[in-house]
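We begin with a single chain expressed as structure tokens, specifically the form predicted on its own.
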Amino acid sequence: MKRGVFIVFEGIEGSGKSTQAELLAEALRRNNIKVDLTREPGGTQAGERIRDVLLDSSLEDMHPRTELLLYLAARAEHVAKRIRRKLFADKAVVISDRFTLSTLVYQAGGRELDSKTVSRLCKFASGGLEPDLTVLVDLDVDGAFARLNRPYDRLEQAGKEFHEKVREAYLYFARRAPKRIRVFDGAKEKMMLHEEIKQVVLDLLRIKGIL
């Protein structure tokens, strides 16, 4: 086995993707599978500091290009310092809460930056690394935000129209690549949804020779 398996969870705020990523990591560890659960922005010391800036609710007027470049800086550090090491040296299953697709849907879809430019910069920041599977936990915006019982961070303050555009962009990319981006219904009961996701992931791990 040349490397481990890279799985990414995506979805709008409140969709339940982070919970599902955690449940999957716990389930795989119970099967004695080496797992690294990480997140974006974050996953490294520098990445976590950048995350603090990006989600600071007092900075709502940040320019979209500034926002894009900060996300990409965090990703470049994440890939170089953590993800590649876990995948290639440790041969672990890396589960990341967000990755490149988030940038494409939030910065190109939501912020309406040029999609070709965003795509090129994403490839540069990630060094061309792509997930083996993207789990898209889909939920309508009203349902997702009804789950948020805390003060909104800077991104969550962007408004319903912005998040509707983000969700539409997620579904657009999923339609274009249905084998790589699997859509799951975020409205389902938490453990039922977990079992559905887990079965898809276990099938992938068998194909990759990890199980």
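Start at 1 with the first residue shown and count on from there. Small disclaimer: the values here were computed from a predicted structure and weren't measured.
In what follows, reference is made to the form predicted in complex with a small molecule, a form of this protein that is not presented.
At least one heavy atom of residue 51 is located within 4.5 Å of the small molecule in the model of the complex. For residue 13, a non-hydrogen atom is located within 4.5 Å of the small molecule in the model of the complex, even though that partner is not displayed.
In the model of the complex, the small molecule sits beyond 4.5 Å of every heavy atom of residue 186. In the model of the complex, residue 41 approaches the small molecule with a heavy atom inside 4.5 Å. Not one of 86, 89 and 126 places a heavy atom within 4.5 Å of the small molecule in the model of the complex.
For the candidate set 177, 55, 62, 171, a heavy atom within 4.5 Å of the small molecule in the model of the complex is found for exactly one residue, namely 55. A heavy atom within 4.5 Å of the small molecule in the model of the complex is found for exactly one of 46, 27, 35, 155: 155.
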